[in-house]
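Below, in structure tokens: the form predicted alone, a single chain.
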């Protein structure tokens, strides 16, 4: 298991180049890890004949993140693999340094000036980002949104992202079920979350409260909510204070921020124990995966960040080739989620890619109308 985890961590720790604050000197991008083919993973893409360059079509695509965040690291490799599979130019992958729509707009404007005709993006701001999307679509540039939804209605073709409410509801129930399996009929939960003003945080709060309100979960309560902890310093301060003063009162912890889950995982690894707490993280930092492998965290709610880049480029290829979104297709398309536990670690890297291949194997037929000719 340890050797398998080392391989998983090696893939997860590869990062896309993002310029350091105050520096304009380009650095070499990391080497792309070798992806499994769809055939290797048992996915049939034979019905999806979208590869190759269509006469007259241009494939000048870009993936634009919302800001610097570890969640985006695998997007680069998914986007590159999609381009290789489809036989089109490798897309540009870039990001503003900060989560600021004005900064993202400057980057997008530069891409447009350079001839980009298709963008897959995570808007830095839901409302202001949606305004930029309308501007781009008005210029004839295809836009798909990935990982985070713009405000709706939107002129983007669709949003491919995880149902954050459903994901945290699953995690919360899994924690309660584990506590029940230990013979407990009541317990106090702690929620490590992002900004309370974040719409995703609000969805997650509502989902946690809904799970706790179920009659079968009577006795389990949300005792603490540590907000604004999806950054290293506040996460370290909040988690350190918890361990120093009331860890003995905590029965379960649900994390809904990449960084706070990472800090919690690191702390558990350093302590060499979970202190009797049932904890579920989010995403796949090296610290979280190690904590799961060590048996300190029950698991982590994850999705395929690799698929974000892959699906984005695949969809832009369809649009460039003349495919159109079906009138009855949903705007929000759930990218899926699952609870990664110790047993799932050996196949984790493959599962990330398989989620992408499974989705695109039916995407064109399910959500798009083919070109008229």
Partner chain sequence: MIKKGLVNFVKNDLASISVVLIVLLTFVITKSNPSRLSFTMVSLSKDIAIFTIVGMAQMATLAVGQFNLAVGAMGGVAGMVCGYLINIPYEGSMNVDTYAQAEIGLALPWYVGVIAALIIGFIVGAIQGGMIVKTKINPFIITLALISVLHGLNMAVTRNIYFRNLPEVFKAINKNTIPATTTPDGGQATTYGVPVMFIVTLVVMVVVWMLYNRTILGRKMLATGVNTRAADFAGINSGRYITLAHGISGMLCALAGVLTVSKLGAAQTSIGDNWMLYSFASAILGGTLLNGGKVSIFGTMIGAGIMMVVNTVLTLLKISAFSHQIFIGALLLIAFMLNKGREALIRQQERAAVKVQDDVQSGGSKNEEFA
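Positions refer to the first chain, counted from 1. This one's a predicted model, so the numbers in the text were calculated from it and none came from an experiment.
The next section is about a form of this same protein that is not shown, the form predicted in complex with its partner chain.
With the partner left out here, its partner chain still marks one of 212-220, 80-88, 170-178, 137-145 in the predicted complex; by a 4.5 Å heavy atom cut-off that stretch is 137-145. Think of it this way: in the predicted complex, its partner chain has a heavy atom of just one of 208, 161, 277, 116 within 4.5 Å, and the residue is 116. Relative to its partner chain in the predicted complex, residues 94, 107 and 111 are all within 4.5 Å by at least one heavy atom. Taking the partner from the other structure, its partner chain in the predicted complex has no heavy atom within 4.5 Å of any heavy atom of residue 186. Within 4.5 Å of any heavy atom of its partner chain in the predicted complex lies no heavy atom of residue 57. A residue is said to contact a partner when one of its heavy atoms sits within 4.5 Å of a partner heavy atom; residue 182 fails this definition for its partner chain in the predicted complex, lying far away. When its partner chain is considered in the predicted complex, residue 251 lies well away from it, no heavy atom lying within 4.5 Å.
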